[in-house]
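Quick heads-up: the structure tokens below are two forms of one chain, split into structure 1 and structure 2.
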Structure 1
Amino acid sequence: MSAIEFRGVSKRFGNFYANRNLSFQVKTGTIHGLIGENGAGKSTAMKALFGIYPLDEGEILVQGKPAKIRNPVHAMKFGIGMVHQHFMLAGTETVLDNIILGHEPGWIWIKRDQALSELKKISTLYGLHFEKWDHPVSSLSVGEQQRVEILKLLYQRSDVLILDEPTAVLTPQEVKELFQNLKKLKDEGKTIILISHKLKEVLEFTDAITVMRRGESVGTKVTAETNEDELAQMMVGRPVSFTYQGERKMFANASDMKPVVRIRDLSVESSTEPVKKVSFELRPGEILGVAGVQGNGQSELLRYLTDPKKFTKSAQGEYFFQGQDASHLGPLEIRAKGMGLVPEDRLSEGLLLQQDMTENFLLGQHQDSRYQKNGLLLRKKATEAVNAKIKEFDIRPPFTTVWSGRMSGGNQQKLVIARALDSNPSVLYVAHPTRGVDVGAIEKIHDAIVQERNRGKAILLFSSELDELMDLCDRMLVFFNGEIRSEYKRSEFDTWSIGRVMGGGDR
């Protein structure tokens, strides 16, 4: 029997169809993958199922019966819960209060002891062991926050769990633990809908996969009967390569080139990710990768490199940018010297979610002579530039007036990368460039990064995807516990060896 069925569902935003005549089924007690390009309508469809968006056409069936789901509270009554790509938790409140919010036991007084007792039973039943009930959510790791979101759905008696890009910000260990927990939920009869861009994950952990393209379903496959190549072609409409296939220009004297970034004995004090005695050089025409399990100092290093002035009291060591001491500079001053940035977190560091594409494209570039004259913005020229990038990177929806907060995560990322490249920087700091991005867009982004390298740009690439680093980089630094534990040349790249060092072992 189908837990969920979409029949001819359409959802419009103005004249733009996010979903058009969408039809597919999700069987009860299965893990069902939902994949597609950025902007294919996956999240829109699930938000319609969760009651956030009303349908324009078609119907949704729950357990075989038509269900007119008016809002999220109504969806919960149908046993449907959703963990959004960006968690909906109150950071200052405790885990317990976040979970029971809206479902508090008691009338005048909240019976927290009763709720806690029930939650402990739920966590034991489903193998989601948890102890930090009285801790504020802001003190938890990303993986722990996600577990709180799942426990919240189980406390609300959800039988259908929708997870939107659940592994986008998790470490490899947290990903493994998440899917172990999801399999336990499936074994207990829960139905799970998993929105993802990561084909390896859906192939390993789902029972069936529905592929969407431009708002429509192009087919549902039994997971055991398909493969990466077939799914990628269904998503994009053409064959897709999973490794970079373009030209990689060789620089015969690369090692003799003067470094554009030089770090010597850099230490940065931090309560979460201290950096300890780090030294390296970055030269023109190379991609230098930074590998490591998230939380081992890479994030703090990136924050320092882009705004060293902020760390004047907590940092020691040398930072030279383009041959000059940069340890006293702020972000705008380093940008002016030729730095481009793709930040680690596009939402908190890269975008104004309630501003349109043009305004976001101008962030950090308002004083660029191409887009201002005598202190006045040349908005028409900026819009023309944005339209060119929309076409180049296939950003959807293809309208400059769309708020960035209404774009899918992958399309937000493409906008951030397009902006970073627009200023023609000589040095690029790039963090997690393909996080939450579909396979077709990954090809485009990887090609853009390597082409910048081929033009002689120096690129420092931070990524939690080891395959991505091995595919793109000329050298790689492996971080563990705030230190560079090893350096690899491209000819030395080895998944087993690098993974061992990432875990704290010897090379």
Structure 2
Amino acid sequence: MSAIEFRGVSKRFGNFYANRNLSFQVKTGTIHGLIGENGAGKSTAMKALFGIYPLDEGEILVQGKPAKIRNPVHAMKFGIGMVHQHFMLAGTETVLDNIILGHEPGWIWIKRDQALSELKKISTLYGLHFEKWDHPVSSLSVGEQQRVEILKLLYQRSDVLILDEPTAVLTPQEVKELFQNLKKLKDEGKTIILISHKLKEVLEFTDAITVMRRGESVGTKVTAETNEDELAQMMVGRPVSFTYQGERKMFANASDMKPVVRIRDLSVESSTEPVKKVSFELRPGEILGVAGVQGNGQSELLRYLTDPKKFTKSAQGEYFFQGQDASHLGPLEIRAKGMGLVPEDRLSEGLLLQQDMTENFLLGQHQDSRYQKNGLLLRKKATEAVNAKIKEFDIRPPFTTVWSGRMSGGNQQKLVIARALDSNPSVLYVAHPTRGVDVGAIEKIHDAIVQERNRGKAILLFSSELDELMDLCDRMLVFFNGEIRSEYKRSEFDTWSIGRVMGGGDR
């Protein structure tokens, strides 16, 4: 018996097929992975399921019966619910109120007691161990907020739970917990569809996997019978390597080289996570990794390094950039001294989504003498430069007039990296370069980073993907609780040892 079945579903936008003849089945009581690169049509398929897009062809069956779902509220009647990548919660309201929103028991007055006792029952039944019913949502951790979203679906009596990239925002511990919880739900007969691009997770936790490419289903595999390489090849349409294959230049006297960035006893006060007495040096020709579970001070460090001027009141310690005191400089001044930046979140910090590639390319370079003269922008020169970058980095679609918001995550990131490299900086601060980026683009981005290293650039690489850091870095700093807990040389890299330090333990 299938909980959900797509039969020959097509969805067109003009002449473009977002979904073409898409067919797959999700068996009841299983965890089913739906994977594919950005733009492969996963979200279109889900929007079709929720009735947000009317189907052009084909039909969708729920519990074996053809279902014409008109909208997301209507989908609830079929027992289908979704946890979105960005949670749909009202931060200032309590957990309880968030969960019952739209389904409040009672007629004039809300019977919160009734809802609470029901929720407690649900929570014990599925072993979710949740207590904080009267806390405001904003006081919860991201993992807890996600559990609230799941509880909301259970309270609405959903049988099919769809989770869109649920692990993108979680720490490794929270990921583990999430999948334990999902397994319990499965054991109680719920069906779970997991949309993801992280192959490892999907392989570890699902029962079956459907791979999508260009709007079509490339095939559904039983998880136990497939592997990472096969799935990646199905997704991209060609073999993909997960490690950097190119040359890695050796610098003979690497440790004698003068550091280009020197940080000593840096402390940054912060309402989120303070940085405490951090010291390190960054030399030309090396990639220095910053590892750590998200929220242990790495973001604050990066923000300080790119804009120390903003922290003149809240930071102490030394920041030397190219041998000069940089602790009073703003982003443009440090950039002028040779900094290139790939910010943490390209959507909120890196791009103007409703502007074309040229305008985005100018961001941060708009005062550069190459692209402006007497206060007037030289857009033609910028457009020429973008065209060269499009060729160099294989950015698609290859038109400078495309809005950056209409590009896929991987291509957006290529644009951000191309912009960072354009001024030929000697120091690169790179954060999460492959987050939310499709497999095909990851290779290109990793190649670009190591090539810059080979050219003698100094690179500080922030990432929450330990595999990525271990593959690319020469040295690694491990952050915990705002401090550097340990430093590893490339020869000492070891997943379990680094993992222990990331969690606050010893090497």
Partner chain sequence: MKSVMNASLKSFLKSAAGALLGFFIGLIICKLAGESPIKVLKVLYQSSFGTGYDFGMTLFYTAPLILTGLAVAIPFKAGLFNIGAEGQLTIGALAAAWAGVLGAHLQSPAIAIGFAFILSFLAGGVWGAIPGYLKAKRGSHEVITTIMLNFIAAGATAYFTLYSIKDPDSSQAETIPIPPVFHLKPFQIFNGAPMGELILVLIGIVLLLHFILWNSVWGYELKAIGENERAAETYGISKQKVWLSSMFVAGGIAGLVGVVEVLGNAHRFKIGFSADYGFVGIAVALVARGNILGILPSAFLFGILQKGAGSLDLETDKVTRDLSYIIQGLIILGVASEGIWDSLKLIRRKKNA
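All residue numbers here refer to structure 1's sequence, counted from 1. Rigid core: the largest C-alpha set superposing within 1.5 Å between the two forms. Predicted model, so just to flag it, every value in this text is computed and none were measured.
For this session: Just flag whichever of structures 1 and 2 is the form predicted in complex with the partner chain.
Result: The chain shown as structure 2 is the form predicted in complex with the partner chain.
Problem set entry | Hinge assignment for the rigid-body change between the two structures, options Tyr126, Gln355, Phe462, Phe242 | Every other option is far from a hinge; the hinge one is Phe242.
Exercise. Rigid-body rotation of the smaller part against the larger between the two structures, in degrees?
Worked result: Rigid-part rotation, C-alpha based: 11 degrees.
Exercise. What is the C-alpha shift for Lys337 between the two structures, rigid core superposed, to one decimal in Å?
Worked result: That residue's C-alpha sits 4.4 Å away in the other form.
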